[in-house]
Every structure is written in structure tokens, then in C-alpha cells.
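A single chain comes next, written as C-alpha cells; it is the form predicted alone.
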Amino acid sequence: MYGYVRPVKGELKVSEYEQFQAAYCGLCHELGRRYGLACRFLVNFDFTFLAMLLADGPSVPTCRKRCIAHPIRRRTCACGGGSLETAADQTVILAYWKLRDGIRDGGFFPSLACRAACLAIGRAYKKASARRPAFAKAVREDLEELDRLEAEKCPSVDAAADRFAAILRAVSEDIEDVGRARAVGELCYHLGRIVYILDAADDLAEDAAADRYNPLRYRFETADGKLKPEDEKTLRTSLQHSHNAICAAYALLGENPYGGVLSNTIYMGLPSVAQAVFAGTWRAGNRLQRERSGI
């Protein structure tokens, strides 16, 4: 997805950071095992969070593996978990449609990289769709509706964010326990809403310069690709409501082996990222954090 869902590294215990790193590496290896080398480049923080959220049981088995990024020293990886398989399948499906969106919006020459990547994972997408037909159907239908809203230049931030949020809510459809599925679905819905709105705020200046659709351009008056202070306050209030809903849904979930990392991400990571986006420091800080994280 977009990389907005991540813990605050400095607030993690050493053991929690190792858990997070193992989950990230485990998802990367699972993508490679199920879909080949090319799909390992799709690994991201957002679906690592979902893999951890979907994990069940008192602990997660680990193993030590080498990879292209770390060919000499073995690294600890989460392994053997159904949540990693689910997250790997969903990563491929969503990444494929995100690439398709990049092809549509980028023009022929700017979108050549997206075209090449789309071809590279095309077979993997068909396989993942066969494994997760309900999720693939939800992604396709909700993105088609989002495309319609974009074509109409819909000024409703809620309407556009709702379609993307519905995609993440579909993550919960494979959970057998009804109560847990409902809580995870609610959490993921509002997480998707936050991710969509933060991405719109982060891309506002760029979209305005390129005359691309961004619901914030049509909902608020902007100056030089920036929101007015009162409009930014309105948007932050809307995001806070979704964050409150995430916290309430998370409180309903039972014990999770990644509880420390998940709590850090929800209670500290999301507000920290939102603050950086609205302060205009997210992109530079995101690159630096990625370089320093070693992941």
C-alpha cells in the first residue's frame, strides 16, 4: 500500500523490534515462496501490520534464513503462520491494482515502470485471486467505484475514502470467529480511511500541480497545494474519529503475540505519521527512517 502504518521504532522494546523485523522478513519470504522473487519487492509496512494483526495463538514460530538483501548472515523470520499466507496473497492482489492505477494515471512513458511491474506479477495476481476470490472481488469492485468517483471529480472526502476503506475491511472475511472478524473488519475499515486521507493530504501539492484528482482539492479551497488552517483542523478531527474507532475495535480483540508492536503502531505510530504528513516532513523523514531501520 503506502507505508503509513508503522510503529515508532524508538518506543519499541528490543524484543518487540525483533518481532516486527521477523514479521517483515517473514512476509517477504512468504511472498517469494508463494509467488516468486519479483513479488518479494512488494513487501511493505502496511501489510506487515495486517499479518501481525491476523496472527493468532500465544506465539509465532520463527526460523533463520538468508536472502538477497542479507546473503551472509541469517536473519530471524516469522514462519509457518496462516496470517503470513493471507497477507502475502492480499499484498499481491492490492499491489496489482495499485500498479494498474499507476498505468492509468501516469501516461504512456511515465507509466512504463508500472507496466513492466504489472507484467512481472500478472501470473502471481491470477494465482492470488484464485486463493482469495472474495478479497480480489472486493478490491476490483471498490476500486472501480473509486475510479467512477475520481472521473466525476467527487468533492466528498468521505465517499472516496469509504471505497478504499471497504477494501481493507475485506481483509477480515477469512476469519472464522464472527466476533473477531467484526472487530478486525472495523479496525481495518478505519485504518484504510486514515491511509487514504493521509495519502491525499501528502500528495495534495503534487496532484494540484499535475491537475490530478484529489478529493481535498474539490472539498476545500487550497493555496499553493496547501490546506487552510481551519480546513486542516476539520480534516484532523475526522481522522481522530477514525483513530478512536480503531482503538475501540483493537480493545475488543483478544491476546495477540505481536501485542506490543500493534499497540505501539496504533497508539503512537498512526498519530506520529499523521503529524509528519500535515507538517510536510513525512516524505523526507520516511526515506531516512527506511534507510536507518535496516529492514
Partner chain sequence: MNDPYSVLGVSPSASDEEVKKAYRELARKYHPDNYHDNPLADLASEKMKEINEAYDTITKSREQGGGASSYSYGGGSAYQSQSRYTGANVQYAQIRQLINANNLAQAEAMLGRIPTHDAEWNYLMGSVCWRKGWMDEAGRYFRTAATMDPGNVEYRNAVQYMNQGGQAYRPAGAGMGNMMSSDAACNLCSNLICADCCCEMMGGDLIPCC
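Bear in mind the structure is a predicted one, so any value in this text is a computation, not a measurement. Residue numbers count along the first chain shown, from 1.
There is another form of the same protein, the form predicted together with its partner chain; it is not shown, and what comes next is about it.
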{"item": "Check all three, Y196, T222 and V277, heavy atom within 4.5 Å of its partner chain in the predicted bound form", "value": "no"}
{"item": "Segment assignment from 175-183, 117-125, 138-146, 89-97: heavy atom within 4.5 Å of its partner chain in the predicted bound form", "value": "175-183"}
{"item": "In the predicted bound form, the one of R34, K226, K65, R236 near its partner chain [non-hydrogen atom within 4.5 angstroms]", "value": "R236"}
{"item": "The unique member of L204, C77, C188, V157 whose heavy atoms fall within 4.5 Å of its partner chain in the predicted bound form", "value": "V157"}
{"item": "Distance check, L270 to its partner chain in the predicted bound form, heavy atom within 4.5 Å", "value": "yes"}
{"item": "Distance check, H243 to its partner chain in the predicted bound form, heavy atom within 4.5 Å", "value": "yes"}
{"item": "Partner proximity in the predicted bound form: A251 to its partner chain, non-hydrogen atom cutoff 4.5 Å", "value": "yes"}
{"item": "Any non-hydrogen atom of D162 within 4.5 angstroms of its partner chain in the predicted bound form", "value": "yes"}
